[in-house]
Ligand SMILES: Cc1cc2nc3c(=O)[nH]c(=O)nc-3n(C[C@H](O)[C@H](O)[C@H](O)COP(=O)(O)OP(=O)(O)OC[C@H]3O[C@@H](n4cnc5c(N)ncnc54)[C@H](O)[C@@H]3O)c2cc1C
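Given as structure tokens, the chain that follows is alone and in the form predicted alone.
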């Protein structure tokens, strides 16, 4: 089974996250596209902290978001990629041939070989499972969030606000919010203090146990551990022989084509995209969405220019009543200016709403 345009070109997109879905929608304006993803609904990753806290709703169905485009949604997983043979093998036993492939399988939790992490910690991707475990607990307990970056901060503040009886701890190998400006870090710390979140900095986790964590700064008790420390790219690119960097992200040119297999575009967290004057883009929605939009326009013939990108802001949800909007230079380095409190919350909410609007 394949997707064929009026000229016979077969376009297959792997992954229906921010990058894959926008690429499929752009290419699907005038071409038939097969979109391979097991999910029925959008996995709105930048709102997973709300799901964990029990404050989410059902996000739109992928079929609804693809309405008006020539997109066939195959609910399956890609398990093997043969770039030489231009084939993708799916977990339902079928094989798709392609002329152009868009690899947008994104990233997943990186455990870094920490003993006990896989067995006893819960990754952010399973936010609904975290919500269930909190609800089913027979008493308010202690929850440890491992990771002092944006994902860990949003998760810790959301859970602490939604469950004031839950003792929340955030554990970081370095400084919590260490990438933000001094004003930004100070505001994050004030919010964590206000919400009663215990902060454990410079505490690298060496083992996860059923009762908590062992760290370089000593043991930390926890009834439930959520892992938000770091992400790694989906391994399919490296396994299939595409050229990748030392982290497993596919190397691409200035049109987001694999440098080893130019009939494969790689976008989002799975790609190591380097932009002149900016550097290699970090993983995240802020970079995945514009990459997907670009490849969609490229495949639809609406652009032939190289991909360009500049950072503008970073933003955080800090519970429902607070937020942080951090202005950044084009290369993502921090400016001193921040918006906090209600202004920061509204700015973050506006950006999240705009993301969903772009997908629609």
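Residue numbers count along the first chain shown, from 1. None of the values given here were measured: they were computed from a predicted structure.
FYI, the form predicted together with the ligand isn't displayed, but the following is about it.
Is every one of 37, 45 and 77 within 4.5 Å of the ligand in the predicted bound form, counting heavy atoms? Yes, all three are in contact.
Considering 121, 172, 283, 134, which brings a non-hydrogen atom within 4.5 Å of the ligand in the predicted bound form? None of the other options qualify; the answer is 283.
May I ask you to choose, among 215, 258, 100, 151, the residue with a heavy atom within 4.5 Å of the ligand in the predicted bound form? Of the listed residues, the single hit is 151.
Using a 4.5 Å heavy atom cut-off, which of 186 to 194, 151 to 159, 240 to 248, 199 to 207 contacts the ligand in the predicted bound form? Every other range fails; the passing one is 151 to 159.
Could you tell me if residue 107 has a non-hydrogen atom within 4.5 Å of the ligand in the predicted bound form? Close contact exists here: in the predicted bound form, residue 107 approaches the ligand to within 4.5 Å, heavy atoms only.
Would you classify residue 144 as touching the ligand in the predicted bound form, given a 4.5 Å non-hydrogen atom cut-off? Heavy-atom contact with the ligand at 4.5 Å: absent for residue 144.
Answer with yes or no whether residue 222 is in contact with the ligand in the predicted bound form, where contact means some heavy atom within 4.5 Å. Residue 222: no, not in contact with the ligand in the predicted bound form.
Verify the contact flag for residue 19: yes if a non-hydrogen atom of it lies within 4.5 Å of a non-hydrogen atom of the ligand in the predicted bound form, no if not. Result yes; residue 19 sits at the interface with the ligand in the predicted bound form.
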